[in-house]
Structure formats: C-alpha cells, structure tokens
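Okay, so we've got a single protein chain in two different forms coming up as structure tokens, structure 1 first and structure 2 after it.
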Structure 1
Amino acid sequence: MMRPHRNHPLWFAFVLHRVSGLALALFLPVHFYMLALALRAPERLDGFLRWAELPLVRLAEGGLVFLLAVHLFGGLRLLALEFLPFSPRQKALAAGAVSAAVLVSGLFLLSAV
C-alpha cells in the first residue's frame, strides 16, 4: 500500500526521476554495444536494425524517448529547485511559462512535420 506521507507531487517527481534514471543507466551499455557493432560486426548490426523495425520495438523506442524527456526535465526541475531561490509565486510563473513554451513550440513542430 502507498504510505500516506508519500502521496504528494514532489514525491512522485522524485520516484519518476529515480526510476527513469535507473532505466536509462541500464539502457546505455546496450546502446554503446550496438554502436560498437557498426565497427566490429556490421552484418550483425544490420540484423539488429531489421529487428528494430518491429512494431513492438518501435513502441519501446517511444518509451525510451519518454524516459529521456522525463529525466531531462526532471533534472532541469531539480536544478531550478535547488539553484534558483524562487518564491512559490515565481515558481508557478516559471512553470507556467515553460509549459506554455513547450505547448507553442510543440504545435510548430507538429505543423512542420
């Protein structure tokens, strides 16, 4: 059961950051291994790239991008939290500005592709 004292957004942000960080750390060695194949065993890399076209693997890639995004923004959030002595009002304004910017640039990106 969820311990009641953890039931608040900052705690969820903490767990999300931890879990995404761990998952990315597990992914990195595999990533480098695959890159190394390009030099050492190109035919095996080709086989892998074909495998990577499978829909399920594409879906997992989406998850990876999600993890990266979550961890990136989680890290920026922590840096802001610890290095910018904002008042709660300033924090709300900054978060609002960042979300608005993401929304607007996301719309531009969508119409560009």
Structure 2
Amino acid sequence: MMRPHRNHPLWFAFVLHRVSGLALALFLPVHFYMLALALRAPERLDGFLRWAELPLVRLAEGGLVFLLAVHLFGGLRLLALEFLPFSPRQKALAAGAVSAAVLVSGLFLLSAV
C-alpha cells in the first residue's frame, strides 16, 4: 500500500539524502584503509592506484562525487528549512540541490576522463 506523502518530491529528497549519507558512511572505512596503506605498504597502494585507473572505477568515483554533492546540497537545503523563514518553494530548493549535485559530479567526470 503506497502512502500519498511518499509521492511528494520532498519525500524523494529525504530518501536521497538518507541513502547518500549511508553510502558515504560505508565508503569511509575503505577510504581510511587506503590512507593506511599509503603509510604502511606503498607497493600495495601502487597496485590499488593502477586498479583505480580503470574506466569502471572512474565511473564509480563519479557516482561517489554525486552522492557527496547530493548530501552536501541536501544538507544545505535542510539548514535553510530550519533557520530561514518558511518558503513555499521547498520543491524548487530540492530540485536545485539535485541539479547542483549533477553539475558538480558531471564536471568531476569530465575532468576524470
């Protein structure tokens, strides 16, 4: 049974913000492991960096930048909702947050190719 509020664009903004936060939280241990490799085993880090040059990994990096940008701009939208006077343009702010995230990740992908 679909609830009517779950068809609202701001519900999707909420879900996207939560999913992006979860994905970034799952990525952090991997990132810290790679930083530790740089200090303890530079030869293993070199192998990882060669693997990171693969096109599919570059595409995944673009997805990661998209998640980061979505989370950042979605968080800014929530801050505006909390601290600024109420605005009936919340859908426009949510769409602007996703648009800015697509722009940022698209620019990253263009520079990575």
Partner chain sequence: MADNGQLEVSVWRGDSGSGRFESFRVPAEDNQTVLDVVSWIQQNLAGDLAYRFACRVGMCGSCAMTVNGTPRWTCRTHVKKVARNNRLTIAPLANLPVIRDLATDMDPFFARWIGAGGRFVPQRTRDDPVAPVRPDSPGRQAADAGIECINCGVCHAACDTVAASPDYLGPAPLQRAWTLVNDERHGARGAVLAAVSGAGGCHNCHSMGNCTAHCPKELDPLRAIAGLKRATFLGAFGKEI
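Everything quoted here is computed from the prediction, not taken from an experiment. For the two forms, the rigid core is made up of the largest set of C-alpha atoms that agree within 1.5 Å on superposition. For numbering, take structure 1's sequence and count from 1.
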Original post:
Just checking, which of these two is the form predicted alone?
Top reply: 2
Original post:
Once the larger parts are superposed on C-alpha atoms, what angle in degrees does the smaller rigid part turn through between structures 1 and 2?
Top reply: 78
Original post:
Quick one: CA shift at Val102 between structures 1 and 2, core fit, Å?
Top reply: 10.6
Original post:
Where the core is superposed, what shift in Å does the CA of Pro88 undergo between structures 1 and 2?
Top reply: 2.6
